[in-house]
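Structure 1 and structure 2, given next as structure tokens, are two forms of the same protein chain, each shown alone.
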Structure 1
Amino acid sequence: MKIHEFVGKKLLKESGIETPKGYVIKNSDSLQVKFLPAVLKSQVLVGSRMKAGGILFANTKDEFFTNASNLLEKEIRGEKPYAILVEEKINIKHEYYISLYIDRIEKDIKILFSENGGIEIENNKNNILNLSINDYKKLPDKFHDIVIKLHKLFTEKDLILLEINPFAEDENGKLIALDCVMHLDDNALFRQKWAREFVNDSYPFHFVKLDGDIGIIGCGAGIVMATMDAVNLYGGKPANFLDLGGGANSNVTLEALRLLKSLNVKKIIMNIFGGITKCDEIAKAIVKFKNENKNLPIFVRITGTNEEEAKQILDENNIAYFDDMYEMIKFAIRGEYQ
């Protein structure tokens, strides 16, 4: 799960990392100037905001209101902003790059570091150090304490990526995190209460949008996470976390299916274990949705309460289903049976 910059900055500050003074504006009614000059930053979860016009500057009140109003309405690479982060403008003497990430092959937290950060970092790949977290003392002395704090934050918050670019040195030699990219492990959402603010609770089910293209629906957080893990195992990428919860009827299930379709997913995987939930209610929703969306593939594993009635409904409408979760997911991702 990608985390908005202003949330990441708050966590950095709580961890003892210097960040610019700032505040968040969510709509035009709350526009106010607290200081100038200011940097106005669209809070979207896509990359390269600067190059896409998502970061603007304001030296006067007129510039502030004009640019802030524009950013609140402007889509950045197809994404509408959650808010605007307003920050004090820092006089930069030098820009560094640092990130912590999980190396799944070496099963280690690694550090990427460059003496030359900034928006052109991709052109500087040959000069980026790649170190084990235990080798942090190979970095310049002034980053040792910073890395210790970042590593503590990384592990405590169940992150899989923490990137700061640029980590600026101002004219007084102070190191300040000017940007923050933070990715939270989706499987740890249940214990990271701070991230709940961005889990959409306006639906009659538990839903979190992710970055992939395969829609996931299940009954119960555990089975949804197990499904997501299996999708990843076979090379797919979940577009969401969606737990119907207990007792979902056909209307709730249909709303969930329509929501996933609105995300432009390539296929939907439904892993249903009916306890309180009645499988025939789920099947009725699947039939109605398939009649509306004949070209969107749906892969269904369904078992539990009223299972036979559900399978009869699916059979009567020529909708295939699976009895085994892994068989279904492997077929959905790779087109292979076990």
Structure 2
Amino acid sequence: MKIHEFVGKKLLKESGIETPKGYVIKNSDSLQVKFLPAVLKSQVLVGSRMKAGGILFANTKDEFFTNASNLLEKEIRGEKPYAILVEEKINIKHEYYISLYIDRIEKDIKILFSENGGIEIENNKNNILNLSINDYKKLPDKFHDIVIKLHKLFTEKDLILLEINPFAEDENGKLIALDCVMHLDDNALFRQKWAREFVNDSYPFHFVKLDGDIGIIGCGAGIVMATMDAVNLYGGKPANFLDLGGGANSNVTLEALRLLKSLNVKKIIMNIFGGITKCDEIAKAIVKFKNENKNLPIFVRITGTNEEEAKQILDENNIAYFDDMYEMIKFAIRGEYQ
């Protein structure tokens, strides 16, 4: 999960990395000016915040109140801000870029470093050093101690990305982290208690809203994505990604079906290959849902663990099902049956 800048800055500070002086404003009632000039930064988790108007400056009190109220209300790339971060303005002499990330191929932590920070790093690949964490001594001397601190923070806090862009050098030669992007490993939340208050875990399954009108449901991320792909290939548009995960029971399945219904989908495609998941649990949910929603077409493919029991339940309730996922999807989208 992505970590808000103000939380990241706090962690950096605790690790001994210099950050600008600052404070957080959560709503318009608590607006107050502590210093000027100030930088006002919308606390959203989307990228390219600057370009989207999420960072404003204030030289006067009037400017401060106008811009701060504006930012508190403003959605940045579709996201409402959590708060705004007010920071002192730093006079920058030079900008660097540094990030720590996890390399899948080498299965270890690596460093990206550039002498030229502040610009779009993706378009500046030739000027970037890409080093193993153990080779940090190849960086300019003044970054050695910083990298040791960042590395400690990275492992202790279970981060999978830590990016400081820009890492500014001020007129006195002091290195100050002006912005930071942190991604935390979701699987490590059980031991990273500081991050829990920001977790937004509203469903007992994995759900992503998409633009189309066909509801998709399945168990296993891979099979749900393969189902979405097939719906697209046959000319349909998925309304969502919904992975029930392994071992979903009938209540969770029913909750998932009801969520899709609330998206006003035209039809629902359900692709179940039960491994840990028991098909009869799924079938019970389908029957209940079908009784509540007689006019919403639902196409079911069901196979795997407890398949026979599931099919009996569906037969008894006159609900049709398929054995093959592509036959089901073709039929659901094009009305063809082979």
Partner chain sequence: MINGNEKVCVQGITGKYGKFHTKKMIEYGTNIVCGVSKNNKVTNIENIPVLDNMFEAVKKYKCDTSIVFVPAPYAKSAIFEAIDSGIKKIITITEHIPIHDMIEIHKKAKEKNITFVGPNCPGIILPGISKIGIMPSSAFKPGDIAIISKSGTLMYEVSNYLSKKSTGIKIAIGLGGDPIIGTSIDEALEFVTHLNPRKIVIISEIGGNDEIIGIEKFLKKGYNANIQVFFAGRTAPKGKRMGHAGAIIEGYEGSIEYKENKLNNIGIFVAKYIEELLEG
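Numbering for residues begins at 1 and runs along the sequence of structure 1. The term rigid core refers to the most C-alpha atoms you can superpose between the two forms while keeping them within 1.5 Å. Computed from a prediction, not measured in an experiment: that's the story for all the values here.
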property	result
Form predicted together with its partner chain - which displayed structure it is	2
C-alpha of Asn232 moved at least 2 Å between the two structures on rigid core	yes
Threshold 2 Å Cα movement between the two structures at Lys51, rigid core reference	no
Rigid core fit then Asn306 CA moved by 2 Å or more between the two structures	yes
Rigid core fit between the two structures: Cα deviation of Leu257 in angstrom	6.9
Once the two forms are fitted on their core, CA shift of Pro297 between the two structures in Å	11.5
